[in-house]
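The chain below stands alone and is given in structure tokens; this is the form predicted on its own.
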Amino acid sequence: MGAAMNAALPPVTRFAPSPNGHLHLGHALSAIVAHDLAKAGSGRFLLRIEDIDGTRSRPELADEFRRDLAWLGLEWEEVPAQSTRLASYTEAAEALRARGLLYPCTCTRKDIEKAGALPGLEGLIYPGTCKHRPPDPSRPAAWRLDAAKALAETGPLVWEDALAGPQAVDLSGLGDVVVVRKDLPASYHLAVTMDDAADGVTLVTRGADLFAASDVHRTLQALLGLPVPRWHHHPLLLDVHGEKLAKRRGSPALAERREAGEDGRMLAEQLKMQLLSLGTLS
């Protein structure tokens, strides 16, 4: 189903947190955007727990997330967690491998830095080291998407952002991204693409920091014959240093505010006012 047709249907959105740390205000903003866009269009708002991050995934945090969302006054439908979907990731990766679109990569981050990799939209652009040499079976390997082969197969691709308009796919600033990680059955790129298709998501809402990733996801959709949603990349909340809120920087947890007796619905209304002032719910 194309993006233009999706735009005419009641939207299906989702909030998909990983239980590897507490939710903060940035997560609240993303959840509210997804929730309110779905409700405004008489659609559905889904909760999906992305719990395949190895030992970093903590099952007890999923319950905390549910309490946080209820505290904010949100209502949702919960869909199966990522840990129940591993077979679909393996099947998709095997299909891509069979067509010669993936290649094994044993490089570490230090290897990539030493190879003189150039900066790109999501860190360093992989210089293709392993694409040009036989794989070393004694070392663990990730599997990367051969971007040149992929786009030669798909031809030019476009996707639509609700705020920024039509976008042409350009993987030059991303390089050959990892599709299957060394330690996990899928990278974020593959897992989220497969999950959104399986859940019938028609409007992918997320922060503007993931804007470039949509080029990868649109490419995977074309290669795997998946439905094409629309996207809505909202602005990020920043801390006092101008940095985006993040678990790894210890951004204040929603759970702490909730347990301290703060009014979650009032907090949600304050965040909505910020969104309306920026025009991000249009």
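Because the structure is predicted, anything quoted here is derived from the model rather than measured. We number the residues from 1 along the sequence you see.
Omitted from view is the form predicted in complex with a small molecule, to which the following refers.
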property	result
Stretch from 184-192, 148-156, 167-175, 129-137 whose residues place a heavy atom within 4.5 Å of the small molecule in the model of the complex	184-192
His24, Gly26 and Asp68 each touching the small molecule in the model of the complex (heavy atom, 4.5 Å)	no
Partner contact for Arg206 in the model of the complex: the small molecule, 4.5 angstroms, heavy atom	yes
Proximity of Pro17 to the small molecule in the model of the complex, heavy atoms at 4.5 Å	yes
Contact label in the model of the complex: Leu210 to the small molecule, heavy atom within 4.5 Å	yes
4.5 Å heavy atom contact, Glu50 and the small molecule in the model of the complex	yes
